[in-house]
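First comes one chain, alone, set out as structure tokens in the form predicted on its own.
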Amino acid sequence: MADPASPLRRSALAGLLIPGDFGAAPFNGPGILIAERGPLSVVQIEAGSDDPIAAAGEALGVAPSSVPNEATGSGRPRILGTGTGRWIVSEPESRDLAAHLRAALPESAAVTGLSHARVCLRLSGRDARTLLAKGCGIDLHPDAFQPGTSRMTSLFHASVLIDCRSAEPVYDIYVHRSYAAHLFEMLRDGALEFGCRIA
């Protein structure tokens, strides 16, 4: 299905994500910052009989990694390896990304537009890693989950894709639209003890 840029897109968190400071008020400021990223174009690529990496690299200006869980690109676009021969591509919405990739990749590659099916939350702050540890079982130690890598996992009982963007730490969390409100509320409530700033 085509995924044209549309000014009519409504956030799944509309009316729920209210900017402000919440919870504890540490002397050194909130330990958690939560923001919604978007609107984003999000597309899944699944390789077929032909390797799409070279064609994807030419079409996007940055090549996907052949190694699962590795990320490439700075965000315009960002390409996350989610398994052998599978990637998620995201970028700020400005074009029909799915159509662009369908035209560029081998016919055997499956390109699926997910822009309307995913919400991306950015979680950052000095206590972000501790908050994530409350809700998921992956190893979050900085030596184990490094910038430039991603993980598919469960976070507060929602399936998510977590992209480690920097060591500060900063994480982008992709979640199914239907679970976005649940996940946002769990993250917000879990962040109150650290002080939480929502933007």
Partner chain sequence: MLYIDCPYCGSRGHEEFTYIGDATKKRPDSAEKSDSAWFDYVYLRDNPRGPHLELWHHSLGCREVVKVLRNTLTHEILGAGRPGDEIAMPDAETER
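Numbering follows the first chain given and starts at 1. No experiment lies behind these values; they were computed from the predicted model shown.
FYI, the form predicted together with the partner chain isn't displayed, but the following is about it.
- This chain appears without its partner; in the predicted bound form, the one residue of 63, 152, 47, 164 with a heavy atom within 4.5 Å of the partner chain is 152.
- This chain appears without its partner; in the predicted bound form, the one residue of 68, 57, 142, 148 with a heavy atom within 4.5 Å of the partner chain is 68.
- Residue 176 belongs to the set of residues with a heavy atom inside 4.5 Å of the partner chain in the predicted bound form.
- Of the heavy atoms in residue 84, some are within 4.5 Å of the partner chain in the predicted bound form.
- Looking at residue 133, you'd find every heavy atom of it more than 4.5 angstroms from the partner chain in the predicted bound form.
- A residue is said to contact a partner when one of its heavy atoms sits within 4.5 Å of a partner heavy atom; residue 35 fails this definition for the partner chain in the predicted bound form, lying far away.
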